[in-house]
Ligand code: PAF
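Take a look at this one chain, the form predicted on its own, written out in structure tokens.
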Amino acid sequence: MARIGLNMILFKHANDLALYLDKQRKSGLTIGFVPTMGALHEGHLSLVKQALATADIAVVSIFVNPTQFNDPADFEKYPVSTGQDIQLLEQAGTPILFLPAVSEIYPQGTDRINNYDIGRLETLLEGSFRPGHFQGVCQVVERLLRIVEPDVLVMGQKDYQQCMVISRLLQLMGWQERTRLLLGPTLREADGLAMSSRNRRLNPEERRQSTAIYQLLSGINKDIRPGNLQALKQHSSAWLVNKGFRVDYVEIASAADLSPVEDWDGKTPLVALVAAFLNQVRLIDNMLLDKTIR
């Protein structure tokens, strides 16, 4: 344990953090938790503010989890800016930072991965294009949850499918009544690009191109009508390709369970989701469709 500045305490060891939080809990304080992989931006800080608004104290973790990267090169290229992250968290009034090493989270190594029954979420969208990714996410989040034991877990809606996976994880752990999952809205740059740590890897030209994803989602939100959606999906994907993207998917799905919707009844709440590459940088985004949300 080490104090950083006047108000933030840094923990690097799980046992030390757990003991400290147990004392706070016994004093009647509630605990909010924001897990991150660092390279922080205003979107992350908004989640910290939400945690502080709904719990007495907040814990933020920074841990780049190796088991959720199905592409080792992607793991190696993930941006790391720990010094700047610490400064941002201190300025945001974060009381507790957990900054563990890989050996602290996985004392028995990273080869022993539990199998989590997350159903169709394993094979849809991100699950299909990033095999094993959500198993790794569940593995690290379960470990972090058991260390922190939060009353409130705050995550960003930008990772829409991941939020559903974590909701399922809480059910599998039997913690759905113990830990409340709160979703923070996606924060965007002035031109609409969803804030993301991966944006740092975009060169100036790619950064200009990247706004096409938000333009596409806004267009789907405007143009969607009851009936068959296949033509809209195909046109949307082709439009992104024409803008220079390599598209993994453009999907319109049930907002409740991410089942793809081919024929919309005009009533079912929908979400549009996109994953596409600009050269070597993979961007994801989503938008709840206004006309479908009552």
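Start at 1 and count along the sequence shown; that's the residue number. Predicted model only: the values in this text are computed from it and were never measured.
One more form of this protein, predicted in complex with the ligand, exists but is not displayed; see below.
S.K.: Quick check on N65: any heavy atom within 4.5 Å of the ligand in the model of the complex?
M.R.: Although the ligand is absent here, N65 would touch it in the model of the complex, with heavy atoms inside 4.5 Å.
S.K.: Going by a heavy atom distance of 4.5 Å, is M37 a contact of the ligand in the model of the complex?
M.R.: Residue-level check for M37: yes, a contact with the ligand.
S.K.: Should D85 be classed as touching the ligand in the model of the complex when contacts are defined as heavy atoms within 4.5 Å?
M.R.: D85 lies outside the contact set for the ligand.
S.K.: Against the ligand in the model of the complex, would D159 count as a contact residue? Criterion: heavy atoms within 4.5 Å.
M.R.: Residue-level check for D159: yes, a contact with the ligand.
S.K.: Only one of these stretches, 92 to 100, 109 to 117, 206 to 214, 139 to 147, has heavy atoms within 4.5 Å of the ligand in the model of the complex; which one is it?
M.R.: Contact criterion met by 139 to 147 only.
S.K.: Report the residue, out of I220, V165, M155, A194, that has at least one non-hydrogen atom within 4.5 angstroms of the ligand in the model of the complex.
M.R.: Going through each option in turn, the one that passes is M155.
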